[in-house]
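Next up: a single chain in structure tokens, the form predicted alone.
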């Protein structure tokens, strides 16, 4: 284990308690040229998502006669990290694109739009851990903003183990130097987890505590997402 200091006076080095999320910010309708868009921020991690569709499928042979195909594309801007990231897809972005698609799919009425595609583009413009969680949160807002029929929003948060302590919303050195990171995506109305990944090893008892903490964090994210959508339409009514 590294000798980096993670805790001081009973709190994490950024001043948060063990079970506290970073400051959150969410907005709907941030991209003018998309059918729907969303913005989500966890502290210094910022994600923007744009939705296009339902629209004609290209290439044509990929279309599904029974339902729309959902395609989520996750990418990180070259300037999003302290060291310039090489542009273009890599193994990590391909993997996150796939798990994001699977996390969001259960809440969409894809059967309403056969032979079409719904394309979601997620761009991480600033990265400080939990980027896949921020991306899922932004994408969920964007889909709702686009008017895609949804059973519910999907909310996502991470928890983990750092220097022997279980903490919510991994950030900064907690991510790179910590022992365990567990991101969760949550479908609140059905109390269903649609994404669960874990990097590291813990006991079963520790896993249960980390998992419960992540789900409780996702429930708080859900309230922020709903407020962002309500705020957008309140503004439109006023105008």
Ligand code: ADP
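Quantities reported herein were computed from a predicted structural model and do not represent experimental measurements. Numbering follows the first chain given and starts at 1.
The following text describes the form predicted together with adenosine-5'-diphosphate (ADP), which does not appear among the structures shown.
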Can all three of 35, 64 and 117 be found with a heavy atom no more than 4.5 Å from adenosine-5'-diphosphate (ADP) in the predicted bound form? no
Of 105-113, 159-167, 121-129, 143-151, the segment with heavy atoms within 4.5 Å of adenosine-5'-diphosphate (ADP) in the predicted bound form is residues 121-129
Distance check, residue 92 to adenosine-5'-diphosphate (ADP) in the predicted bound form, heavy atom within 4.5 Å: yes
In the predicted bound form, does residue 76 come within 4.5 Å of adenosine-5'-diphosphate (ADP), counting heavy atoms only? yes
Would you classify residue 181 as touching adenosine-5'-diphosphate (ADP) in the predicted bound form, given a 4.5 Å non-hydrogen atom cut-off? yes
